[in-house]
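Alright, here's a single protein chain in two forms, structure 1 and structure 2, each given by itself as structure tokens.
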Structure 1
């Protein structure tokens, strides 16, 4: 699976239209949610409230400290789906500690701020911030 740096290089070398097309392709690769996460009670905690669309994100660290990411994003929000799929491919199965080198300005580095516009990237930034914060929290809990 490509790393976050691979995605930054790939998006960075593409023009705006191609970046959007790559996001659309990624959106079609997001795997369905495992049935055990379908329960309504698990959903509310996983909701990303900053997103206009109902976006749910499950972030786990296993005993070996590896990241596991599951997500449910409606097909009617392909931009968000594509971005979540990108994060999933970049982080799934990787060492939790890798997030310390994840750039805070990921959307700029992917060239998506320009391609999508300031007002649209708020929700995407919230998803990314939640991912980083959640993994940091879990890393701290494992150390304690």
Structure 2
């Protein structure tokens, strides 16, 4: 699976239109949500409220400290869905400690800040911040 740095290089070498096309392609790669996460109470806890599209993230660390990410984003929001798929591919199975090297300005490094509107950027930034914060929280709990 590509790392976050791989995605940054790939997106950074593409023009604006190609970046958006890559997000659309990634949106098709987001796997379906496991049935056990479909419960309404679990969904509400996983919601990213700052995002206009309904985005749900489930983040787990296994006993070896590896990240496992499940997500649900409607197909009607392909840009958001593609970004979440990118995050899932970049972080899935990686050691939680790798989160400390994740750049805070990921959207800028991917070249998406120029390609998307301000409202969409705010939503994607909220998704990314939530992912980083939740992984850091779980790492701290695991170490305690």
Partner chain sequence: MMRPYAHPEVLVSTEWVAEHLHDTERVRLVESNEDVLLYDTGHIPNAVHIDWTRDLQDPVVRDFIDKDRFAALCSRLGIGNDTTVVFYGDKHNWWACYAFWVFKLFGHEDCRIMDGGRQKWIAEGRPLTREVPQFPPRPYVARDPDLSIRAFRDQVLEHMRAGRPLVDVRTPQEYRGELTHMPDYPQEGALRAGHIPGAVNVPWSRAVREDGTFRSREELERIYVEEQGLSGQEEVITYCRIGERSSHTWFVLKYLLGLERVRNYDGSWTEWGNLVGVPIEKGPNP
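Positions refer to the first chain, counted from 1. All figures in this text were calculated on a predicted structure; none of them were measured in a lab. Residues that one form lacks are left out of the comparison. Between two forms, the rigid core is defined as the largest C-alpha subset superposing within 1.5 Å.
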When you get a sec, tell me if the form predicted on its own is 1 or 2. 2
Listed by sequence position, which runs of three or more consecutive residues have C-alpha shifts of 2 Å or more between the two structures, the rigid core held fixed? 117 to 119
